[in-house]
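Before any questions on binding or motion, here is one chain by itself as structure tokens, the form predicted alone.
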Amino acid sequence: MPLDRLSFLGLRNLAPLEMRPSPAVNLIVGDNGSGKTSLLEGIHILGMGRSFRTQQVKQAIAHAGDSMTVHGRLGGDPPIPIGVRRHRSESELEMRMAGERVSRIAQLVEALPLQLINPDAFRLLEGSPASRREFLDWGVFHVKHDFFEVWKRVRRALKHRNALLKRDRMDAQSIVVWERELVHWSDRLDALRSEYMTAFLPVFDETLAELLPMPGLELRYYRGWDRRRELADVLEQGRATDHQMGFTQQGPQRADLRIRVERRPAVEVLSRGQQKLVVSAMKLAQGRLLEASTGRKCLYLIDDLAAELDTAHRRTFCHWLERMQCQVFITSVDPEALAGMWQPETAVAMFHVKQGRLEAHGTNDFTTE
């Protein structure tokens, strides 16, 4: 369900904001520093319970303010209001959905599946495995109903094993018990991730083929330990070394997606523009698979779409968004960079941000002739 209303209060440099977005394309234009990215940040906090600009949500509170409130409404029958509030003096978010208090961020994530494409998205290629693992687990979470419980069980078993490894003298009996627990749930987690990747890869290949034809590019799932060995054997044989290090070195917490071009890391081969298209194909493919698997559409937040992409690639990207019929919020410094990208039947709304204030311009001349 798309968002049909948004309101922000006390968010960074934005003045109190009320917005009725288009169910399709929303273009957010304005000068650098005007508040465009802050608007995307507010939607991200609404759907993820966290910011993509800072590790602490309270840093998104306006400098002179005591609290921040982001509120939205998912259109439907009936519509579903959702909201997140954070006080500077408190450590927890206050989250509500359909008038009820929400205790888990996972409930927000499930209600408002969203993808972010911004400069940080390059971490999928050049960053640590943690970024790619987060990308993978987002997809599994949304299409595998038991993923979250399995993931929590793995985390719990891993936490206990690591705690035992940090002791000067390990309790051999206890560590065997927790290794058995870790192996059981890790195998289940690996199976869920593997099943997801089997479904994801053909969708990714099809999406990438239109954005950036590159037959030599490979994306492979690495489960976090040698595929030829059982995790139980890996943990037992590595116990002494793990004890010296103080943590578990192999397991699903080390899972990764390996992206290569002709056996070389993609980040070493591709230009910046090509990297953006590969990352975008990964994000678009996740949205497509989400809809194919669940019937639900993903919302996209795209910060500065035009950056690093020429006109032809921008047009192809926009056509993919149209084909998916999803709701999207796109920022741009230059409105003309997105002119002529959309079909006449696409509901395109433009909003102008000036010094933190939002002005709605309605549907603008951004469609093709």
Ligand SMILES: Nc1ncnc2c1ncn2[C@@H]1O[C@H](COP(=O)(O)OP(=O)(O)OP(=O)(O)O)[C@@H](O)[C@H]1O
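Position 1 is the first residue in the sequence shown; the rest follow in order. The structure displayed is predicted, hence computed values, not measured ones.
Unshown form predicted in complex with the ligand; subsequent notes refer to it.
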*Answer with one of L321, A306, A62, M48: the residue that has a non-hydrogen atom within 4.5 Å of the ligand in the model of the complex.*
A62
*Answer yes if any heavy atom of G33 is within 4.5 Å of a heavy atom of the ligand in the model of the complex; otherwise answer no.*
yes
*Contact between T69 and the ligand in the model of the complex at 4.5 Å, heavy atoms?*
no
*Is there a heavy atom of R53 no more than 4.5 Å from a heavy atom of the ligand in the model of the complex?*
yes
*Can you check whether A339 is within 4.5 Å of the ligand in the model of the complex, heavy atom basis?*
no
*asked:* Can you tell me which of 321-329, 34-42, 340-348, 308-316 lies within 4.5 Å of the ligand in the model of the complex, counting heavy atoms only?
replied: 34-42
*asked:* Pick out the residues of 298-334 whose heavy atoms come within 4.5 Å of the ligand in the model of the complex.
replied: V333
